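Let's start with one chain on its own, the form predicted on its own, as structure tokens.
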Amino acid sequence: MLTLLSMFYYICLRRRSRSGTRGEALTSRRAVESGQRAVLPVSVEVEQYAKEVLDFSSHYGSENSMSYTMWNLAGVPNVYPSSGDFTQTAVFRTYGTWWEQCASAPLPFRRTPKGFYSKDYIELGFEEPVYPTAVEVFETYYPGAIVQILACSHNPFTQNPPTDVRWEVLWSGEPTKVLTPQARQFSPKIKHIGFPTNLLRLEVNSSLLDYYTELDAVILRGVKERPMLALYKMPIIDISDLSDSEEELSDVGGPFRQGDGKHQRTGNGYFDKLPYELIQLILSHLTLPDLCRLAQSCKLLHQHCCDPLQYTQLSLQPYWARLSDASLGHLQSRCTLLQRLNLSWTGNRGVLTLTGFSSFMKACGLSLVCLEMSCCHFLNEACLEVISQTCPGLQELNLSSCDRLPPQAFTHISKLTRLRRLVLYRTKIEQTAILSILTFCIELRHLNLGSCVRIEDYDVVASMLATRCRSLCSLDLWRCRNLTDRGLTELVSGCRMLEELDLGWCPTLQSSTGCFQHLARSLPRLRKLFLTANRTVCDSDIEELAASCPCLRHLDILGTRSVSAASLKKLLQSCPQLVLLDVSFCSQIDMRIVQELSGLFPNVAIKKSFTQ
């Protein structure tokens, strides 16, 4: 181990000697050792609220309204200092661990860094670039989800194309569970950065929260003159620094060789005598940057670290801020056996191009079965065409919130006939494309069409699903505006294997037609059902679920006016596996009833939001 550390330290020294003069290094070192900081220039602090919401990964609201949408974060507070569930706030799509427990959830990727907690994000633009001195976030309901705040060097309002985009972490922390859901003003201590910014990114993780977190506004404070901080920073070696020159690899081993001539032997002890498979197992526990660094230490470990078997799964999402065409190029030769790839959040603002992406996919796509590309705004029609041509065995494709893809691009997905999981949440897919996909991708098990507002007739889609995808296990139709009882009846009659069905905020479904009771009778394997904000759900629907769906685990009936405590008690008695029941804004269910039912069924998380 000492040998490996010595090798790595030697490489760091070599790279530092290339990047700066000895005089610069000594000056910086003296500044650090003496603890001296240059005096900040006198400057007026600027306070500004977000001017515009630039990008986000998900939101609870609709694409066609302002209720619970991320766009509510622009401007001054709408709610603060009040606490509670308000439609004028920004709310992400999920909370807790409920979604990860579902059959539709993807398997986690190996090698995800322990310090990477982010599940969602939002990017905000401000009027004037400043050197940040403080960031304040107004959290009005269930605070504690923010895990990272970043600043970007690029001005989002400039007409010039972005060049040399840099992101710096201002603050990071672990997910927390605040003891009270009351509003607060979150202002963590941030670090100083060397460039002005008017683009902030908040990353969140709501997995520890008991309900949806709600954000109201964000303040950026800063000065226009640069604070002079004479702090020395060690050079960083990351996944973009993957040069494996023979000169370096040969020189690194020099100080540790013993003997001369043909009797020369290495100083690795018995490490290089370990079985190849055992070394591979040890290296499988390293993160990707650590694996890349270790590959530069000696020829033996270079061989092991570049073995394609180390790269059958590759999650580049944690490194979204640093990933570029060059990064993919360096990894390309190592990923010839790649099976699962996560590129979510990467490549935005021009750092990934069609050329770099296409080259990587052509070299590494043959064995690919899972491709996660949530929020990849570099994607265009040509990229989807490349995926359809180079990934013949693809089974999982996630294009969640790729809302800048043109509608015609989605027709290429129909060529991926082995697809089993397809996520198109918040995309611009249209009816022609989804019908083409359902015609050819008959092995689909999981389909997410949440907030796909350009699909004109969901009844036709439901009919096609019932005919072509009879093994469907989960279906997300969150906020589809035009599914009727006729389409729902046809869907559940044809797809009887459904375990998850999200019909939240589907206003055209009416309980009086008997569609919800027919749903319950047709889907005995149902484990998750969201009927969020359907005002017509009634006791007879709940009683039919209790009688026909004993495996039910998650039920959301937020906002119904016609469900009584008696029918809920019957449901809780008949569904012993139930763990989540949301009765927020159910007019007949008050907090007294919730407390009574929670006492009788302590294993069920019964949710009831409030508004002050």
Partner chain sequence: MLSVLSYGRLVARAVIGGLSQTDSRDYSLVTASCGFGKDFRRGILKKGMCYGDDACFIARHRSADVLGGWRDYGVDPSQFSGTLMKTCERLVKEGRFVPSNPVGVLTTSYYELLQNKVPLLGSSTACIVVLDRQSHRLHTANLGDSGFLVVRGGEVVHRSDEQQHYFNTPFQLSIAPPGAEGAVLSDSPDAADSTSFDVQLGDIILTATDGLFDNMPDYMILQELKKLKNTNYESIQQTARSIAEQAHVLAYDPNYMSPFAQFACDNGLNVRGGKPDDITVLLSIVAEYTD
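None of the values given here were measured: they were computed from a predicted structure. Positions refer to the first chain, counted from 1.
From this point on, the text means the form predicted in complex with the partner chain, which you will not see here.
> Which single stretch, out of 47 to 55, 573 to 581, 62 to 70, 542 to 550, brings residue heavy atoms within 4.5 Å of the partner chain in the predicted bound form?
Heavy atoms within 4.5 Å of the partner chain in the predicted bound form occur in 62 to 70.
> Does at least one non-hydrogen atom of residue 558 fall within 4.5 angstroms of the partner chain in the predicted bound form?
Output for residue 558 is yes: heavy atoms within 4.5 Å of the partner chain.
> Is residue 436 close enough to the partner chain in the predicted bound form to count, meaning some heavy atom within 4.5 Å?
No, residue 436 sits far enough from the partner chain in the predicted bound form that none of its heavy atoms falls within 4.5 Å.
> Do residue 110 and the partner chain come within 4.5 Å of each other in the predicted bound form, heavy atoms counted?
Output for residue 110 is no: heavy atoms all beyond 4.5 Å of the partner chain.
> May I ask you to check whether residue 211 falls inside a 4.5 Å heavy atom distance of the partner chain in the predicted bound form?
Flag for residue 211 set to yes.
> Does the trio 353, 378 and 427 actually contact the partner chain in the predicted bound form, every residue with a heavy atom within 4.5 Å?
None of them does, since no heavy atom lies within 4.5 Å of the partner.
> So the partner chain isn't shown here. In the predicted bound form, which residue out of 510, 388, 358, 133 has a non-hydrogen atom within 4.5 Å of it?
None of the others qualify; the residue that does is 510.
> Have a look at 82, 87, 463, 431 for me and say which one sits with a heavy atom within 4.5 Å of the partner chain in the predicted bound form.
Of the candidates 82, 87, 463, 431, 87 is the one lying within 4.5 Å of the partner chain in the predicted bound form.
> Do any residues of 451 to 478 have a non-hydrogen atom within 4.5 angstroms of the partner chain in the predicted bound form? If so, which ones, in sequence order?
Stretch hits: zero.
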